[in-house]
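Only one chain is given next, in structure tokens, and it is the form predicted alone.
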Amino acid sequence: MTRFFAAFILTVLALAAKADQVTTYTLDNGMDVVVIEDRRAPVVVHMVWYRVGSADEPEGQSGIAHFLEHLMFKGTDVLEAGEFSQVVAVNGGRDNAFTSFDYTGYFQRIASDRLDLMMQMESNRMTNLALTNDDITFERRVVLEERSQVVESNPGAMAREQFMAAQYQNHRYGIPIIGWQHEIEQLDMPELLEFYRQHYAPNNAVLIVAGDVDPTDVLAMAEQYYGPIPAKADLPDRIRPIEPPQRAERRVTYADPRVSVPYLVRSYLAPQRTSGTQQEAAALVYLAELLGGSPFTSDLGRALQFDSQLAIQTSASYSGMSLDQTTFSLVVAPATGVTLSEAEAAMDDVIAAFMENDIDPARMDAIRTQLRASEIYALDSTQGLARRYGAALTSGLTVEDVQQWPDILQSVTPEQIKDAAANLLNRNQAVTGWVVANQEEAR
């Protein structure tokens, strides 16, 4: 390492340390508060995360969490429909929201001296949403159009829905976040208001404030605006169906004339990051890099894209941020003239060779450096930091888990990776999907 590069890393580390000063509180009504102090710019990110996502929806009401997210931008007892976002924009900020399997979040990024106003408005819509039938009719059309554009117009997204439904036969991760069209069409005022009243409460929420703020001032504002909201006494427990043991490989072929390049996906059920025991998840991060990271250095890339030229693309992916079991996936797009059967057999050969051979220490060092740099640079984004803590705290992790994660990544050993791979890479616990333009390509 050159002196210049070493000095540069030390400078970045110093900045990162300042950008990751975290203070936590819990209000009397049970609302968790996380303050991430970052004084580099007079800007603040204000986020409210609810511990409810699409996997918490009642049976037959898929898409209701996402539908309600849209409706949260309608009126309240003091705000007209659309006024929330208009006020944010007039004050020079921007706002948005998002829904996942495990959480729903709302955020504003704005000048730090406008934080008081953001808390005032966000706390108001936590309990005072005022919907009309016209609001629901309009947003139902918007959501259905979003599904049409994002999912139904995209053969890859349509295929993924089928693969996830095969992967999770009992758990609601097998149902798309946006919902099934026929169920979205039936959602109406009673179901939406019941879902809102059940889950939108301070003791089911995490407030994340990141940026140019003083933690004491943030706590005072949180107590002023969120503190008076009563906790929900009968907050439902997050009890999800448990996926039964998978005893045979599941295979799905999705044919769509819009598919330009056929490809195969192998997806395994995988452990999520679990509070206090994140080591196996960290090992799977390395496994994804080793098998399908850079095509120039990964096992799949070198073997299939360069040595044999059987594939034009390879990848592996794993994200452990999940309340329940997640997935580890491999993707191979065969070269022209190579069948999916040949590509799949070659992929399995690479997996077998990986399990038989030792992991190159130089590659381990390279991945450690890569992950360390990634973790450091991630701290440079105030909003990214806020999202990191919000996603963790609504997915069963703690602030301490988030802060320990970089060191856990650095401590991963080749033996841990091999153990994690042995537990994971079982064809009887996988879904193998082929995506083709027509059945003639499914060979």
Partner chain sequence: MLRILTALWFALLASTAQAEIDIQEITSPGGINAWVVEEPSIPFVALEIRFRGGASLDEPGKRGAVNLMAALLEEGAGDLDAQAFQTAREALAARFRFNASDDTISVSAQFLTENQQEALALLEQALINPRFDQPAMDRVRAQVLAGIASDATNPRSIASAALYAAAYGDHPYGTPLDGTADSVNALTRDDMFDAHRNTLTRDRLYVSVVGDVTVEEVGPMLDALLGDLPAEGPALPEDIAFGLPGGVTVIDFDNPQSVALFGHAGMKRDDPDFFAAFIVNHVLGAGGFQSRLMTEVRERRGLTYGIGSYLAPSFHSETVMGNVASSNATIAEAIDVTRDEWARMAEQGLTEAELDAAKTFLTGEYPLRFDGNAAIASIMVGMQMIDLPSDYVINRNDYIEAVTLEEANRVAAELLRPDDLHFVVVGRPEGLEPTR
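A quick note: this is a predicted structure, and the numbers were derived from the prediction, not measured. Positions refer to the first chain, counted from 1.
Beyond the structure shown, there is the form predicted together with its partner chain, which is absent from this document and is the topic of what follows.
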In the model of the complex, the one of 146, 185, 348, 223 near its partner chain [non-hydrogen atom within 4.5 angstroms]: 146
In the model of the complex, the residue from 308, 216, 297, 253 that sits within 4.5 Å of its partner chain by heavy atoms: 297
42, 91 and 369 each touching its partner chain in the model of the complex (heavy atom, 4.5 Å): yes
Partner proximity in the model of the complex: residue 400 to its partner chain, non-hydrogen atom cutoff 4.5 Å: no
Distance check, residue 109 to its partner chain in the model of the complex, heavy atom within 4.5 Å: yes
Contact of residue 113 with its partner chain in the model of the complex (heavy atom, 4.5 Å): yes
Any non-hydrogen atom of residue 243 within 4.5 angstroms of its partner chain in the model of the complex: no
Its partner chain in the model of the complex: contacting segment from 202-210, 79-87, 340-348, 315-323, heavy atom within 4.5 Å: 79-87
Stretch 189-205: residues contacting its partner chain in the model of the complex, 4.5 Å heavy atom cut-off: none
